[in-house]
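Before any questions on how it binds or moves, here is one chain, the form predicted on its own, in structure tokens.
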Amino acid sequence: MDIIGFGLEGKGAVVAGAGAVPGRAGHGPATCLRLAAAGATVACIDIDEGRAKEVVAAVQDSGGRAFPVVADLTRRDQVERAVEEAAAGLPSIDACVDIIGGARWDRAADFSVEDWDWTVLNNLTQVFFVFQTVGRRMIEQGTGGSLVALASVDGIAAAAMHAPYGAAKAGVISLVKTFSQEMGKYGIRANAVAPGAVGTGNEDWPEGTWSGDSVNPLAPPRTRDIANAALFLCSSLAERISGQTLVVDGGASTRELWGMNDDLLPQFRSGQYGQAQFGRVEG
């Protein structure tokens, strides 16, 4: 029996936003470790040199191959320089995962222009810069590749108290569709991962414990669940998947809207629960 692999052995991967930011989930380091474990050499790009070197050390300690690249990827000139530096240290650029992002908080009616501009730059514009620059490199290589960006379930549903973030992540979901259509003829795929409420990682959630809160019907997603999704989309297992957004949210966004629960089931079975109780009146 053949052993199923990821098709990344001897390949090169770029991770934008590779370092661990204090108080954040840590999608960058987890993704770098997963890609390296699958056999890829990883260019770990981060705006902070210390963070970049730290994740490289973690990859190397685990037996993988990685090197740091320091750049501010909200600046097009630095994106181009970083991708050139990454390409020089990789056998080829076969996968790229963009993890950079962040939210600012306020009511939609009260957000400042500065907060809007910052949020769109850090969550959408820089993804465009990275995909555009890496995509050109992949076209030149002529061997295809995979582009992956972290979107969010907030780009699918409402994003109360962080409207610019939701709008930017919805833009990411649209962007991967366009890159998918335009670059498919070069063998280049573009997809997104939409995490749910990962918070600081949910790593303390007990194994084998399900549906323990009112938000996630299954269980809260963990950092490694997001990294696994990114790895899958980068791998040969997803070689005919493009333009898609893979939601990893423990089922949170699949919840129905009307407050259905087991206690109401007898009323439905007896025909005693009418439409008026959903705020709709027949007739």
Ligand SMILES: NC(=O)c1ccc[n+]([C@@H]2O[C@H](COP(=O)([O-])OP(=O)(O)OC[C@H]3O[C@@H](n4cnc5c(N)ncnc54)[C@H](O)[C@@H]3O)[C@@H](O)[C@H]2O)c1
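One rule holds for the numbers: they count along the sequence shown, beginning at 1. Source: prediction; values computed, not measured.
Below: the form predicted together with the named molecule, not depicted.
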| field | Stretch from 59 to 67, 39 to 47, 233 to 241, 251 to 259 whose residues place a heavy atom within 4.5 Å of the named molecule in the predicted bound form | value | 39 to 47
| Non-hydrogen atom within 4.5 Å of the named molecule in the predicted bound form for each of G102, N123 and S152 | yes
| said: Can you work out which of A71, I173, A87, A159 has a heavy atom no more than 4.5 Å from the named molecule in the predicted bound form? | reply: A71
| Candidate from A167, I188, I93, V198 lying within 4.5 Å of the named molecule in the predicted bound form - any heavy atom | V198
| Any chance H27 has a heavy atom within 4.5 Å of the named molecule in the predicted bound form? | yes
| At the 4.5 Å heavy atom threshold, is R51 in contact with the named molecule in the predicted bound form? | yes
